[in-house]
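What follows is a single chain, given as structure tokens, in the form predicted on its own.
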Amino acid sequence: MKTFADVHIGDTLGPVHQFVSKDQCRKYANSAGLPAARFTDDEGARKEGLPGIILPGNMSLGLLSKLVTDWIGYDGGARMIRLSTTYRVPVQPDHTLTFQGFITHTTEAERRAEIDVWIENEEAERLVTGTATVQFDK
């Protein structure tokens, strides 16, 4: 069980390495009602000026959320109350992505932790960056 007392500025989340396939991207896009070619078809994505299929933003957001919620644990002692993201570079499937974060700020009175999170590609280029807030029970 992770408690607020366990959390210190500079603590890290990850790195977690995960291969995301084009098939996973297509399945996510279709199940989420996002059948746009940019998420399902390389040729269609190229017609939009993209290098090929890209992950839907909500899929990237979900994968970053998993980094934070796995770090929190599932015992109910804390919860993620906010996650904001900036999409800097399209996230392409059929690559191994790295998910990381670190604690940047804690507020003892509110029992909250602020966490910078990001997704990198194999070249350590940050594709998506964000900030999560975790609320710990009192």
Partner chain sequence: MATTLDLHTHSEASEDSRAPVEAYLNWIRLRHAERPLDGIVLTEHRQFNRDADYRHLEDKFGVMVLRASEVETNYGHVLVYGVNEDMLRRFDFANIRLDAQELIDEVVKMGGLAVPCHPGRPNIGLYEHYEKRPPLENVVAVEVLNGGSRKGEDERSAELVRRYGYSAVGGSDSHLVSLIGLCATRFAGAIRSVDDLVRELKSGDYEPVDFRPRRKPVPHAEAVQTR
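Residue numbers count along the first chain shown, from 1. What you see is a predicted model; the values in this text were computed from it and never measured.
The form predicted together with the partner chain exists for this protein as well; it is not shown, and the discussion that follows is about that form.
Q: Quick one: is Thr98 in contact with the partner chain in the predicted complex, heavy atoms, 4.5 Å cut-off?
A: Answer yes; at least one heavy atom of Thr98 falls within 4.5 Å of the partner chain in the predicted complex.
Q: Evaluate Asn58 for contact with the partner chain in the predicted complex, applying a 4.5 angstroms cut-off between non-hydrogen atoms, and reply yes or no.
A: Asn58: no contact with the partner chain in the predicted complex.
Q: Does the partner chain come within 4.5 Å of any heavy atom of Arg88 in the predicted complex?
A: Looking in the predicted complex, residue contacts with the partner chain include Arg88, since a heavy atom lies within 4.5 Å.
Q: Quick check on Asn30: any heavy atom within 4.5 Å of the partner chain in the predicted complex?
A: Answer no; every heavy atom of Asn30 is more than 4.5 Å from the partner chain in the predicted complex.
Q: Which of the residues spanning 93-120 lie within 4.5 Å of the partner chain in the predicted complex, based on heavy atoms?
A: Heavy-atom contacts to the partner chain in the predicted complex: Thr96, Thr98, Phe102, Ile103, Thr104, His105, Glu114, Asp116, Val117, Trp118, Glu120.
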